[in-house]
Ligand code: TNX
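So this first bit is one chain, no partners, the form predicted on its own, shown in structure tokens.
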Amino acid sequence: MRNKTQHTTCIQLLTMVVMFAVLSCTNTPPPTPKDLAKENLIPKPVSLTATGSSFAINDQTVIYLQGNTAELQQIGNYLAEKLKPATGFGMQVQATEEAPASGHFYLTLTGDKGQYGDEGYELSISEEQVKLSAPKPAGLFRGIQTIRQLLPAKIELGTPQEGPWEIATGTIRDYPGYAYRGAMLDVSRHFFQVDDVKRFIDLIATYKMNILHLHLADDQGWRIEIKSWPNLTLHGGQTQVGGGEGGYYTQEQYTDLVNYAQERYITIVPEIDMPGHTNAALSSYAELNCDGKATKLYTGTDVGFSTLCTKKEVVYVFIEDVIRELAALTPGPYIHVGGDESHVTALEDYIPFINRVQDIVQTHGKMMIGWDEVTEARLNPTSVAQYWAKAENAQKAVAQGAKVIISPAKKAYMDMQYDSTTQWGLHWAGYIEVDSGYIWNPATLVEGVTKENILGVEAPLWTETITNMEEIEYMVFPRLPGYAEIAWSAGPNDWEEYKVRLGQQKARFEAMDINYYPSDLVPWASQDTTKEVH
């Protein structure tokens, strides 16, 4: 009896030793209780269910992809590149045909759009796994932006930081309210290099925007190479507001920007403003002027003084060439033709001009967008009017069966000063503090223009007073996350609730090295994001 008891005791002791050894080797602490519902996501997701625990990323975590396509691999690599620097982990990306074991990310395409559309996603987080599923790759990319915000802000830093790297558990189901969610960057008044535009693309992608509208030509400079009319850039691109050296993008550089944006599921919408805002072109080619004389280059900020000679056939040859080359370089569905503030173009000349340009754009397989003045012409149902100034023009677009992009200057122009003390920007449309920029609903802004009539929302940044990336960021942040939420979440907007979430973005702005305006209206949260591992 004694020997049997000793034998049993030995077995029990041995079992305890083995279990202790296993636990010691895995060194896995119990999950930290976390409440997904208390995370400060922008844009706010459609639905969220919290389960009160957490998933921990460690040095063994792998990003698994269900499938082995180049596009999926690119998305997986993007996530890995966002997680590697701050965690210091390897974050391998691997294809798999089966759901992976515990401790990993799992990205999968469902193929069934349902309510999710092309950009929606479902993020299911348990203690064992982070599963991101979507009907389309774009949805996976949008879901990755949510994952970034569910991690500590220091995940955005470029050097190894102390963990833990935990994500609250639960399920997020999310999809956009509007198909078109954009920001505009004016590179004509002041020119910005390729790297600056890429930085801008990355910033808007963070908040699930999907459109970059590039204002490529204006009175002060022509910024895109047109091979059939080379003097547009050689002459018309050599200056900017204030007389600086200007610049332009070669077609190869523009293609690089298009590809960079596409990798982030952002469509570039190029704009060549016409018939007004055309002095750079008029200075480059004398024949575009009614008197046959080239104008002088312009470095001021006045508007409305220039026009193409709309009755000359050479003007349409010029436009045909420009649109043909630009359409060939632009995979997105839209070409923006401006059409605004053409004050010296008689209305009887303006209307047939827009009608003809609209047809040229369509001939090259694109849909025309124009500022709201284009509604004076006959819009095709596939054309789009961008409301910025006159509500009646938005109503005219709807009456013609055309869609509308909502960009009200008094609410959405990011070049407007926050208040009278703001160093950069203008205030002709008014001051736009952060609350004012958020508290409005596109679907109720203009009587008779409902959600069904609206293609989406865009926040433009004109650059008469903006000269570098630091100034761009100051005018764009913290307003841009609000515009992104208006376009994605589609209301209703609750400023008191939103400003708390926005205040929690402070550490993220700083980790991303964003130069933002610290509005007194926002309760900015103080967090340490710079504690490095030594």
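Numbers follow the displayed sequence, beginning with 1. Only a predicted model underlies this, so the values are computations on that prediction, with no experimental measurement involved.
This protein has a second form, the form predicted in complex with the named molecule, left out of what is shown; the following refers to that one.
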Considering non-hydrogen atoms and a 4.5 Å limit, does the named molecule approach A377 in the model of the complex? no
Would E341 count as touching the named molecule in the model of the complex under a 4.5 Å heavy atom rule? yes
Just checking whether E464 would be counted as a contact of the named molecule in the model of the complex - the rule being heavy atoms within 4.5 angstroms. yes
Classify W371 as contacting or not contacting the named molecule in the model of the complex by the rule of any non-hydrogen atom within 4.5 angstroms, answering yes or no. yes
Tell me, which of F353, W388, F141, W165 has a heavy atom within 4.5 angstroms of the named molecule in the model of the complex? W388
Of Y207, F191, Y116, Y413, which residue is found within 4.5 angstroms of the named molecule in the model of the complex when only non-hydrogen atoms are counted? Y413
Verify the flagged residues L151, K506 and W524 against the named molecule in the model of the complex: is each one within 4.5 Å by a non-hydrogen atom? no
Can you say which of 361-369, 128-136, 280-288, 420-428 gets within 4.5 Å of the named molecule in the model of the complex, counting heavy atoms only? 420-428
